[in-house]
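The chain below stands alone, shown as structure tokens; this is the form predicted on its own.
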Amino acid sequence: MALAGLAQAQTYPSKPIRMIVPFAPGGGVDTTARMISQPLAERLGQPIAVENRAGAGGNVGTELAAREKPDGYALLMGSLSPHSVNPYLYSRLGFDPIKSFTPIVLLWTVPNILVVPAASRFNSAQELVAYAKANPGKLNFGSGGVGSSQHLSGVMLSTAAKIDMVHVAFKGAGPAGTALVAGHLDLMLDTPPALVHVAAGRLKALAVTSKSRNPAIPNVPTFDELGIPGVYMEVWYGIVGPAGTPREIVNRVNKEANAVLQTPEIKKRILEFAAQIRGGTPEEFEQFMISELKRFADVVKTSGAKAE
């Protein structure tokens, strides 16, 4: 039996575990799944096959995972968009972001970073905010699309600092980042890949959207430190199973995943893209998912975003 194999530290029967990724290859969710799958498979003694099922902002693959048999053979790489943001962007999901799943383990979180072009007049977030207050609507910020983490981060900053900025949505974070580096945008609250441009001197990093400083960029302050509280955007990644996944399976995968998170190899790779390891119990992950779902209700409402 699958349950007996996983729960008793033996192997599953012949077929591999499917790790469903509700996004296309190459993105953060896919990268996370591939990073964790191999070492987790080794500890479980069972192959894990990453299966990309993209569509509708992650909803297609997430709904597919919700309908799978809860026997341990199908897991989902859960993340911020389908479980915390999409419920407010889409009129129909086909799954409940909490009730349709069994939380197993929160893996890591990734903050956004306030970046401006190298030639920008702003050398601090305070300077940027002061200018925006004196010049409403004069600054623009880019994003990878309506409802993206970059968009919602910008909304958080506008709300917290009481400033008015113009949102410019691109079809993907890549084109938005290119426009920023070229000086066509004033700012962006971008994901860690922007740090490559910071290191090369093409962008300046002014603040980070986490509650504590990020080990990868220790000299970049948080918005709290700058007196602009409430700008918290950390894209999260975690493993969930379909609702009803047996406790024995949940406990085993949780235990082995937490062990993987403490290996030097994973710690090194995580630091490289400014992520922060989380881990913990299934119960802690469930409470985290519930709190994030509640938190983004107001953020999405304020943004006015709807699925395109």
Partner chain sequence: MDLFGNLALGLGVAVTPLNLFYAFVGTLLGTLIGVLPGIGPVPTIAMLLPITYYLPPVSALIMLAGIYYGASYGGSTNAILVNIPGEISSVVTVLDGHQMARQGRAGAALCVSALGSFFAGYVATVVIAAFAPPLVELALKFDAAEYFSLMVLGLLSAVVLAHGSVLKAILMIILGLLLGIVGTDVESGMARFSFEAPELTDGIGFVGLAMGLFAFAEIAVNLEQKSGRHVFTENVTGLWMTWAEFKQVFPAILRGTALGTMLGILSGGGATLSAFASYTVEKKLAKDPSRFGKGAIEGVAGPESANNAGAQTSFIPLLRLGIPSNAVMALMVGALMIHNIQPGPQVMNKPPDLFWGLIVSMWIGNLMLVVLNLPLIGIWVKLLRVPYRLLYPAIVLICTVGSYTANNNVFEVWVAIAFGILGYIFAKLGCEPAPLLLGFILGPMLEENLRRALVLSRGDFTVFFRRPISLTMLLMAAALLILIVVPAIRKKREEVFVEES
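What you see is a predicted model, and the numbers here were worked out from it, not measured in a lab. Positions refer to the first chain, counted from 1.
Just so it is clear, the following notes concern the form predicted together with the partner chain, a form of the same protein that is not shown.
- Proximity to the partner chain in the predicted complex, taken as a non-hydrogen atom within 4.5 angstroms, holds for one residue of N52, Q276, Q46, N258, which is N52.
- This chain lacks the partner; the member of A205, L226, V146, I163 within 4.5 angstroms of the partner chain in the predicted complex by a non-hydrogen atom is V146.
- In the predicted complex, none of the heavy atoms of A74 sits within 4.5 Å of a heavy atom of the partner chain.
- The closest heavy atom approach of Q262 to the partner chain in the predicted complex falls outside 4.5 Å.
- Within this chain, L139 lines the site of the partner chain in the predicted complex, having a heavy atom no more than 4.5 Å away.
- For the chain shown alone, K301 is not a contact residue for the partner chain in the predicted complex, no non-hydrogen atom being within 4.5 angstroms.
- Look at 116 to 124, 74 to 82, 214 to 222, 190 to 198: in the predicted complex, residues with non-hydrogen atoms within 4.5 angstroms of the partner chain sit in 190 to 198.
- Contact with the partner chain in the predicted complex, defined as a heavy atom within 4.5 Å, is made by none of I17, K69 and I98.
- Scanning 255 to 277 for heavy atoms within 4.5 Å of the partner chain in the predicted complex gives K268, R269, E272, F273 in sequence order.
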